[in-house]
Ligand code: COA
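What follows is a single chain, given as structure tokens, in the form predicted alone.
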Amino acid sequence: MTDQVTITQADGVLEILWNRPDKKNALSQAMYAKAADALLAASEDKSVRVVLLGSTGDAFTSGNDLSDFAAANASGSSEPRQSSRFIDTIIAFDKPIVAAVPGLAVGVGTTMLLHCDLVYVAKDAKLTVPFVNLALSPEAASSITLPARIGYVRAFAMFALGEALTGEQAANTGFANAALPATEVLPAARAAAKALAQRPVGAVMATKKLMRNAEALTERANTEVKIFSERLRSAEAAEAFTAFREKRPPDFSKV
């Protein structure tokens, strides 16, 4: 089976690429685990100065593999553990992260970008956080980070109405550094990562620490996990997952 997360390192840059293009890079628990392990190792490895987070194929990631969440709803369990561990790890990560987004970024595919320090997106990328559509709630501290990045009303519309942010809108609102043709996204991110790797890493890390309150973000993410887990076990979520499986619109009026 093809490795669904490819990890390479050269010249101080560790690349983590989602590599499940046949499924639009939907993230399984095994993929979350491998990425979290790579970030934890990179934090301790002095030869790693920058992390680049990207993907193969035409999508960044279509978000969580919904079969994991459907299984959690059916069993009455909480949010799958490895996805939570990945979120905790990327929030606390102390070295710079550069993201390359060639297309679709759904749910955690968008919220993880809010913990990246430089973000390059395709002009026609589509960024969405449709948690409410699945009867769920925001995660990865995005209830703080998304309004801070693009403003409350636009963030609420993305969460509650499922409105999308295009790549060009992401650049115009300050969500991303630049919107580029899709073929130029990964090269631009690699160039930025290479430039960062040549900077004094201690100064870069100190700057990141001053600009982000990781402790407050972790605290909010923990609160979100509790609410998310409650929502995951709800009758509304059961209806949402059933409707998705049956390929029909959900009907929340009777739950």
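The numbering used is simple: start at 1 and walk along the sequence shown. For clarity, every value in this text was computed on a predicted model and none was experimentally measured.
Only in words, not in the display: the form predicted together with this ligand, which the text now covers.
The closest non-hydrogen atom of Glu246 lies beyond 4.5 Å of this ligand in the predicted complex. Although the partner is absent here, Phe131 lies within 4.5 Å of this ligand in the predicted complex, judged by heavy atoms. Of the heavy atoms in Leu66, some are within 4.5 Å of this ligand in the predicted complex. In the predicted complex, at least one heavy atom of Lys24 sits within 4.5 Å of this ligand. Partner contact region in the predicted complex: 104 to 112, out of 142 to 150, 169 to 177, 104 to 112, 85 to 93, criterion any non-hydrogen atom within 4.5 Å of this ligand.
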